[in-house]
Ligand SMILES: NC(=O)c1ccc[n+]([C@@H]2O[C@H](COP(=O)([O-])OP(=O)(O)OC[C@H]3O[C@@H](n4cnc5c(N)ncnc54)[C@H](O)[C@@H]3O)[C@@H](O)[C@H]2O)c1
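In structure tokens, the next block holds one chain alone, the form predicted on its own.
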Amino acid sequence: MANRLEGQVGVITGGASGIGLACARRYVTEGARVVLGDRNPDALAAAAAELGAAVVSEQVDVTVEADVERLVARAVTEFGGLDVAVNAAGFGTFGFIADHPVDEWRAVIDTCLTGVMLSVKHEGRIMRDAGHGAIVNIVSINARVPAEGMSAYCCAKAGVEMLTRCAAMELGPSGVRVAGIGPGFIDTPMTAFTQVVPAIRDAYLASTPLGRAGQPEDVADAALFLVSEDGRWVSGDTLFVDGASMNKAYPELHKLVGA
């Protein structure tokens, strides 16, 4: 099956690398035109050059509402509407609660949670008025699996999962679906640090029953399903794409640093 998104228009935040870029590639392959948003101008330029005329890009900071509004409006002005969206912008820090700098905490919450809220807000408005649409929020297994030293990220992602459920309830009567994807350990720029200390990567793989790191394409395939007609009855839930790692304890990263 091909061209499942033929004629559709999408917005992807965090679209210049990792999971966001993989989703953009998948959507374009399936016939969509996509507006990529990211705060990294060089990566944006490279992604746009790779994907060609089906893509335009906007440098945005998802914590700034005017940036998000401009990104979503670009889909309408450039391509005539908005049908699908993936909200993938996010990052994490490492720090124990008793010593966690509040500015780092706020930065993670602002990007991973508030940034998703702002994205859903403006994507949802356009889709609500059009009477159709599908939004995918990138959550994480850490929405449900606690990790020592990762409280900000865990709390932000737990918030995104609940935001997804609330948005699905509010937007569903207008024909708009909202779902989440909870990735496990995925090889992306955000997890590149695991290449530095082999013991950390080994611990992640040991906690993944399928025995390998996930790839951004594994998540992109799920994101395609959720916004396509195949996922037409899925809304308000999170699909975990994690190689069954949620069934095992999260690696104790703080014990492996310097191992």
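Just so it is clear, the model here is predicted, and its values are computed rather than measured. Numbering starts at 1 and runs along the sequence shown.
In what follows, reference is made to the form predicted together with the named molecule, a form of this protein that is not presented.
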- Based on heavy atom distances of at most 4.5 Å to the named molecule in the predicted bound form, which listed stretch, 96-104, 122-130, 76-84, 184-192, is the contact stretch? 184-192
- Query: Any chance S17, T63 and G90 all have a heavy atom within 4.5 Å of the named molecule in the predicted bound form?
  - Reply: yes
- Message: Using a 4.5 Å heavy atom cut-off, which residue among L118, I138, V72, V176 comes into contact with the named molecule in the predicted bound form?
- Response: I138
- Query: Given that the partner is absent here, does R39 sit within 4.5 Å of the named molecule in the predicted bound form, heavy atoms only?
  - Reply: yes
- Query: Given that the partner is absent here, does T164 sit within 4.5 Å of the named molecule in the predicted bound form, heavy atoms only?
  - Reply: no
- Checked 141-161 against the named molecule in the predicted bound form; residues with a heavy atom within 4.5 Å, sequence order, are Y153, K157
